[in-house]
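Before any questions on how it binds or moves, here is one chain, the form predicted alone, in structure tokens.
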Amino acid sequence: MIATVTLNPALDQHVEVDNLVLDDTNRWVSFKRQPGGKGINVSRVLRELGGETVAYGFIGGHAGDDIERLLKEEGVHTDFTRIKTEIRSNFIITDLKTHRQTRISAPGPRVTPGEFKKLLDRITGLKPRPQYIIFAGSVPPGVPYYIYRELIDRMKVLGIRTVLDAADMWLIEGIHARPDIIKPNVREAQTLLGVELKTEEDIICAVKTIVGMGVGIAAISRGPDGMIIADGNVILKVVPPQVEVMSTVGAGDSTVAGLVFKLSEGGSLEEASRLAVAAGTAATLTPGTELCHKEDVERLLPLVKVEKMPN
């Protein structure tokens, strides 16, 4: 079983319009509400791929009720920690004429020390213990910036493999706990290491550096160029097939889900990387905030190219 932790979930509200006109009334073509937050997205993809998962994190208010209901409809098991404040809602506007998206994201509710302690106790007392636990996304106000470092340290004591998919200070601090897997994109890796990653050689050096910092597997996603991934023994360049992109929302979360799902099954790094990139690419075929579909992943899987790079 693979657990996910989303400290700052969101109810994603997605509107499609034919031609977005500023300073005027626009009529929407379609409207959808979907559960949001990086860890929640990973759980949704894991379920789509056929994996067993439980989603943990904070939840509250009417938006939180909607998320729990929507996840139940998708067959995703949850064990959220209730907070008194309404969780955030994000708004995504897609212009069908230009295929451009406008995203408006909220910072999230303020979490009290008591609510924070309840979550810590719940995660520390996980039963049955998962094989992997994935910490993903931003952190709401009131939660200390070092939270991921503390959570990873606690999970390692319990013998649970840890995955961190975060950015900025949360990644910089969390990596000190030496998680088993991290998957930053190029921008996030640049912030982490304090260097520019302009070339493929720069990215190869970056994954080697991150593994040298004590991380088990370092994967840097490169959008349409795929991913560079290393585990201390091998460095792989993973390239997706060219597709017509509808939306990039959730592509990184789908990549994480595919990677961890295959590793949890005992797959090799090459097999896991291939599934990861297939899942991430499949997510770009769906509109708005939709994630990957299993049939697309299976169709793309044999088209993903994996090349071993010199150490």
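Since the structure is predicted, the reported quantities are computational estimates derived from the model, not experimental observations. Residues carry their position along the shown sequence, with the first being 1.
Keep in mind that the form predicted together with a small molecule is not shown, yet the notes after this line are about it.
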{"property": "Contact label in the predicted complex: residue 262 to the small molecule, heavy atom within 4.5 Å", "result": "no"}
{"property": "4.5 Å heavy atom contact, residue 67 and the small molecule in the predicted complex", "result": "no"}
{"property": "is_contact(residue 88, the small molecule) in the predicted complex, heavy atom dist at most 4.5 Å", "result": "no"}
{"property": "Heavy atom of residue 140 within 4.5 Å of the small molecule in the predicted complex", "result": "no"}
{"property": "Proximity to the small molecule in the predicted complex, single hit among 78, 185, 209, 101 (heavy atom within 4.5 Å)", "result": "185"}
{"property": "Partner-contacting position among 107, 113, 144, 224 - heavy atom within 4.5 Å of the small molecule in the predicted complex", "result": "224"}
{"property": "Stretch in contact in the predicted complex with the small molecule, which is absent here, among 22-30, 42-50, 242-250, 57-65 (heavy atoms within 4.5 Å)", "result": "242-250"}
